[in-house]
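Take a look at this one chain, the form predicted alone, written out in structure tokens.
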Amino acid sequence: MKNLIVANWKMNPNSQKEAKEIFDAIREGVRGLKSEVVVCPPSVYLYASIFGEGVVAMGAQNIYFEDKGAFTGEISALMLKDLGVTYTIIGHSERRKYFGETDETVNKKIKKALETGIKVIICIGETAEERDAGKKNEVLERQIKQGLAGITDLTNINIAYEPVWAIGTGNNCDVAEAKEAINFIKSVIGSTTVGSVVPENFRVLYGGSVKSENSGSYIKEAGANGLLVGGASLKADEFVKIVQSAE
């Protein structure tokens, strides 16, 4: 099973020129490596003249659950599919915190993405308050079960464990704690989807202040099947080192 390494550029960079420079450097740097690499830029950069040849897959940072209509500012799965997008992030903690995304809307978006043939990276994770209150597993289980409600085939689904308190803070999640969370997520998937299609290569990724100094340990020691990388993915050399650490 290939590791899945995903670059989430968030609302960066500020120009097409810089986006293409970063992407080209990443593409050349990961050429020939074994991991599956996906870059998720802002939607305005999701077109072929930026991304060129398909060494690296294109991913979206968000998706809407309707095909078309009066939904100002949203982007449909069909639009993304037409641009050649093969992956989408759904339910990132920033979407949940700043844009009111819920487990219910996450579920709708997952269903629409799968229906359209776009692979999904579902983000789940607990806040510092939930962790301190001993509710981490309760939160993760709820997000998994409600996010996957009514979905019986997990072939094109990946889950990214991103402890909210670690995202963009530099407060790395301890490898042992990450391993515990990853194992718990896999156990919930196993118990929740009895009778469903769970592929042997079902992947659980880790995200949250990932950098080249710690990335390899999350895969080789914590058992993650890939990484969701935020700020570090905007530095091509650093992101390439992260991909290399998964080899």
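Every value quoted in this text rests on a predicted model; they were computed, and no experiment measured them. Each residue number is its position in the shown sequence, starting from 1.
The same protein also exists as the form predicted in complex with a small molecule; that form is not shown, yet it is the one meant from here on.
For the small molecule in the predicted complex, the listed stretch (128 to 136, 70 to 78, 105 to 113, 162 to 170) containing residues with heavy atoms inside 4.5 Å is 162 to 170. The closest non-hydrogen atom of K10 lies within 4.5 Å of the small molecule in the predicted complex. With a 4.5 Å cutoff on heavy atoms, G231 counts as touching the small molecule in the predicted complex. Using a 4.5 Å cutoff between non-hydrogen atoms, G207 counts as a contact of the small molecule in the predicted complex.
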